[in-house]
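Read the single chain below, which is given as structure tokens and is the form predicted alone.
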């Protein structure tokens, strides 16, 4: 076996109540004037204000899905002339993505406090949407220096968001297992991440052991973020970035719907990886993995069809064309024509066989 393994330096604090240590972590970086980035959510802003009150700080609440270039320019204009020395991102993939875009332009370090299972907080991967096209890349300046995982912040996360966000994290683990640059550590993290997410997701949404189950899903999502940083994602992520960046579909919901269909598409071409994926799902049959992923959608009360997210059937051909314009690794080779059945099944919400 030949592989390359690197582990960029970052600091992770995991546990209930660690959000209260945000001020301490800012000062540990030698900083004192953070620019906090979040969405217009009243809940997020109140939490930030309660923890950062002892510091001089400013709050920009204009983070938007898929990091449109306009929101980056708005944040830069907001920050102009102020002596900020770090960025604090609180929320899901939108504020963390915006903080990354700002870090690339300013060089400021990021402290991330995720409140969904996005996983972006563990990676140097950035994304930006301009002119209806989402572009992604990797840069160490986009990697947060500190990440605070506090399960208490997830207590009020609506089940409709938590479920699909966890399936987004699940997709990171799945694609890491058949990535061309997978390694023994990423394989261990990915398989365990699948097991933790699938084994705890339903209970984390409702039930007497919700707090413990939420911590299990959060650990799985952290592992998903780790393998997202270690490996290169394939067809699933390329399709979802196209559907989101070019057609405005919501990020987590799109990942949740597309995942079973990509699993079915790649299944026979990723034998070893599919056996590990199946084990994570709790089955000995790799052929069952796609169906189990699909059944999770109804189990968490999520939509199972792209048409229900606002996708138009006449845009499927353009999606396939955009998703095949650039070469990238995937266990099964394909052309735009090969993607037509996959996209059609995802559009109508058919259960993959």
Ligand code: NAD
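Numbering follows the first chain given and starts at 1. Note that the structure is predicted; figures quoted are calculated from it, not measured.
Beyond what is shown, the protein has a form predicted in complex with this ligand; the following relates to that form.
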Fill in the blank from the handout: Exactly one of 87, 252, 262, 221 comes within 4.5 Å of this ligand in the predicted complex through a heavy atom, and that residue is 252
Practice task
Could you spot which one of 278, 153, 213, 226 gets a heavy atom to within 4.5 Å of this ligand in the predicted complex?
Solution key: 153
Practice task
Determine whether any heavy atom of residue 39 comes within 4.5 Å of a heavy atom of this ligand in the predicted complex, and answer yes or no.
Solution key: yes
Practice task
Using a 4.5 Å heavy atom cut-off, state whether residue 125 contacts this ligand in the predicted complex.
Solution key: yes
Practice task
Using the partner position in the predicted complex, report whether residue 238 sits within 4.5 Å of this ligand, counting heavy atoms only.
Solution key: no
Exercise for the section: Would you please decide whether residue 144 lies within 4.5 angstroms of this ligand in the predicted complex, comparing each non-hydrogen atom pair? Expected result: no
Exercise for the section: Select, from the options 155-163, 181-189, 278-286, 78-86, the stretch whose residues sit within 4.5 angstroms of this ligand in the predicted complex by heavy atom distance. Expected result: 155-163
Practice task
Indicate whether the candidate residues 273, 292 and 330 are all in contact with this ligand in the predicted complex, with contact defined as any heavy atom within 4.5 Å.
Solution key: no
Exercise for the section: Could you list the residues in 97-111 that come within 4.5 Å of this ligand in the predicted complex, counting only heavy atoms and keeping sequence order? Expected result: 100
